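So this first bit is one chain, no partners, the form predicted on its own, shown in structure tokens.
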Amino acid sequence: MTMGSMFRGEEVALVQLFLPTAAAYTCVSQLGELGLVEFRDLNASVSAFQRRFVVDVRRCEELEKTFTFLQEEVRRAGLVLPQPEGRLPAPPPRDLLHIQEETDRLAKELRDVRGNQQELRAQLHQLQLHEAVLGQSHGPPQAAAHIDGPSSERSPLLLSPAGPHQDLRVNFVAGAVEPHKAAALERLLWRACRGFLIASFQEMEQQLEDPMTGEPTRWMTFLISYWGEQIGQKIHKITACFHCHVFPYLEQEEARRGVLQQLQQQSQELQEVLGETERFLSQVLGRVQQLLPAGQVQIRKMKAVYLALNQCSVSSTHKCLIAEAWCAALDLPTVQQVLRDSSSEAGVSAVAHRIPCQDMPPTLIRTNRFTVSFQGIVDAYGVGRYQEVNPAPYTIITFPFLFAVMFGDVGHGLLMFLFALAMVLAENQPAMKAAQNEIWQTFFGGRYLLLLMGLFSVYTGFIYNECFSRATTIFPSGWSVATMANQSGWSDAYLAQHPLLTLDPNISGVFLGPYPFGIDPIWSLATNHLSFLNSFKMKMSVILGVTHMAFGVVLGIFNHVHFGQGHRLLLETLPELIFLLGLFGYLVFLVVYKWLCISAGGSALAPSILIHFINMFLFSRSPTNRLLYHGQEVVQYALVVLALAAVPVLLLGTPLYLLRQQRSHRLQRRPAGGQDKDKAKLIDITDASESGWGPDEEKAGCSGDKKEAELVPSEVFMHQAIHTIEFCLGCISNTASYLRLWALSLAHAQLSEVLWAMVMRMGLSAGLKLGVQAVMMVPVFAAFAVLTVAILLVMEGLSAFLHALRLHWVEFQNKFYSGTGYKLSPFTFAAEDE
């Protein structure tokens, strides 16, 4: 990765490729292995079904369907496909038929063996059910005593041999039904047959394997005794509706035993055949495991090559294919060398040369594992235009820092830093990359971002002097309570009457000097601690905000210089800087000047910066608010006048310059004689119809794109008016928006304080015995740790992250970054190799 590609997108060229027909497949395949070019579709008007290599694409798709079937069968068997070894090249076209034949043969074998296995399992399941039905002891039917009427529930189902039904023969229906259907089956049989039957249901002791799903299931066996042909027909219809398995049931005990022995023998033989079938199935699946990983990768690559070839046009002689592709200028020699090597066997060398372009090229910014997360933050706002200044290098510093300003705490930052450091140290482990959890993948992808966010939070935590909301005394305090007590003559009675004491910095020896680094820890004991931090963080937010916005305006200078638009330096950038720095930069100057020039002795008479800033716009003066320096009013009035004067320059400067430049170009192109009128008219038509990128965008095209589209005055003035209003009002609203740094920093500190006071302080101040106190502190610390991670690290961290994201997108990047481009998406096999 070059420095140019980091701070600005690389130069991208439009390349025309002449590929010999015999070597076109090999050339495109090698380009896919490199992943350096993005093909343009030269057949956009041709449907996908009319392209040259549509038959080959369909064959690859049919193979992919077969591979999907084989993959599902492997997963169904509980096997795991191994990862392909090494980088597999796209197979030559002549190998496609061999791969298809081998794959179809394996798929046919697998379907046959799987079908035989299903049939054998179904037969074995039927035999096992039949064995269970014959083996269950349902007992002989018993005739109940005839007590009530013939239609009573207690009337006998089988009458005496001397009754009117003595000529009827008792028949049996035996079978098995699913347990959840047994109760409904028994109830329906009783109602439909009016009780002229005896039904016995028993649950099987052993579970049988379901032939379809392979899961163990239980069955209920039943034995129904009845007489009468009509009753038997009803019973058979009902059992068929409930999908019962019905088996023949002989009346004689000996006959049933003989049938049971035959069933057991058949079941044993069937199990042996099924075992042989499953062993053969495992052999077929083993061959599938060897073929499938490499075959899937190769066919996906082959399909990708044919899809790329479908984007090429055919020469008039049909001897070569013509392709156009975007390619980084630095990679063009590599592409040319690869094409020569790939086409050497064809006898005619492939050619790649640069051609002029009129369209805006794609943006190429190379990243690594460290910069990819920061580039992702910028690209989420919008991909930069071609060779526009890339905000990502500056975001590497500014984003974690602004996050840390809102999240400043040594303890919380250290926890985040250690969590990110653990992911960074283990980033090469396969388990880290193979994790499928979406939340984990998000954290792991931004591990370096989290690392810097935690590190900067530790730094700002030392500035705020906060570690889990507690102040630490690293250096001696700059305030001396003993000196104040000695020189003020504080007596015991005075101390008893005044619970709050005031340290006066005007007394010699009370204030020894500023704290070496960060906030003095004595402020954590002061009652005006919050007021002091509010003033400090609010002014710090304004200073950081104005500096950040001014830096964004300065970065726009590099865009204007690079694209050769020097007029925008004077007509846009200079007025913007005058307006921003003349008003809000002056506010920063007042804050810093007051910090440096107002001592503790004069703090009581210190003027109000807010009143001075308001009077600056009103051109007025407050008698009670003294000046900070001599000549302050003149400077303020001059700055307001300059800022107001910069607005019409910003509004009208660029449109008037562009229209004047366009008029001068027309005068220069006007023909001298009548014989050149047709030629001049043709030039004007060409210039006016040339594909431009709009007057509001930078001309960042290729070397051949030097002409501008026709400018419409109303559109130019409208666009510039929108830009002027947005910038002037944005300077006010964006400066106020940076106060979120103060607000979220205050919220984070107060939440930390509340969590410490409500959990840890209550546990530490319980006043119990040492052993009991130690035991009680275990759940107290566990609750403190869980709440710290859940609320302060996760929720507060996410809130600070989103606010830092907004400050970069809205307040910083809109000063110089348009984000209206598109990425270079090279033709690559990287996804197939993974």
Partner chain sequence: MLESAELHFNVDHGYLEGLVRGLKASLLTQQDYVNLVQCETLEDLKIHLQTTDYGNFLANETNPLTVSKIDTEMRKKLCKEFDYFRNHSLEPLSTFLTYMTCSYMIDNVILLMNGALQKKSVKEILAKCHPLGSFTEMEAVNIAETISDLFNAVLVETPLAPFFQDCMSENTLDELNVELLRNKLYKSYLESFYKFCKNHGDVTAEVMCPILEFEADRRAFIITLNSFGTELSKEDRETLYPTCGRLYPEGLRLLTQAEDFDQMKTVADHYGVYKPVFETVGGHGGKTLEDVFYEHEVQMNVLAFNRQFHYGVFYAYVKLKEQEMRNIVWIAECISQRHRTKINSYIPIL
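Positions refer to the first chain, counted from 1. Quick caveat, the model's predicted, so the values are computed rather than measured. Rigid core (definition): largest C-alpha set, two forms, superposition within 1.5 Å.
One more form of this protein, predicted in complex with its partner chain, exists but is not displayed; see below.
Chemist: Name the residue from 777, 805, 791, 54 that puts a heavy atom within 4.5 Å of its partner chain in the predicted bound form.
Modeler: Checked against the cut-off, the match is 54.
Chemist: If the cut-off is 4.5 angstroms on heavy atoms, which of these, 554, 610, 192, 718, is the one near its partner chain in the predicted bound form?
Modeler: So the residue touching its partner chain in the predicted bound form, by this definition, is 192.
Chemist: I'd like to check something about residue 238: if you look in the predicted bound form, is any of its heavy atoms closer than or equal to 4.5 Å to a heavy atom of its partner chain?
Modeler: Yes, residue 238 lies within 4.5 Å of its partner chain in the predicted bound form.
Chemist: Give a yes/no on whether residue 188 approaches its partner chain to within 4.5 Å in the predicted bound form, heavy atoms considered.
Modeler: Within the cut-off, so yes.
Chemist: Answer for residue 234 alone: is it within 4.5 Å of its partner chain in the predicted bound form, judged on heavy atom distances?
Modeler: Within the cut-off, so yes.
Chemist: Residue 61: heavy atom within 4.5 Å of its partner chain in the predicted bound form?
Modeler: Output for residue 61 is yes: heavy atoms within 4.5 Å of its partner chain.
Chemist: Pick the stretch from 208 to 216, 180 to 188, 642 to 650, 451 to 459 whose residues have a heavy atom within 4.5 Å of its partner chain in the predicted bound form.
Modeler: Contact-bearing stretch, as computed: 180 to 188.
Chemist: If I superpose the two forms on their rigid core, does the C-alpha of residue 234 end up displaced by 2 Å or more between the shown form and the other one?
Modeler: Comparing the forms between the shown form and the other one, which are aligned on their rigid core, residue 234 does shift its C-alpha by 2 Å or more.
Chemist: C-alpha of residue 539: shift of 2 angstroms or more between the shown form and the other one, rigid core aligned?
Modeler: No; that C-alpha moves by less than 2 Å between the shown form and the other one.
Chemist: Using a superposition on the rigid core, decide whether the Cα position of residue 614 changes by 2 angstroms or more between the shown form and the other one.
Modeler: Residue 614: C-alpha displaced by less than 2 Å between the shown form and the other one.
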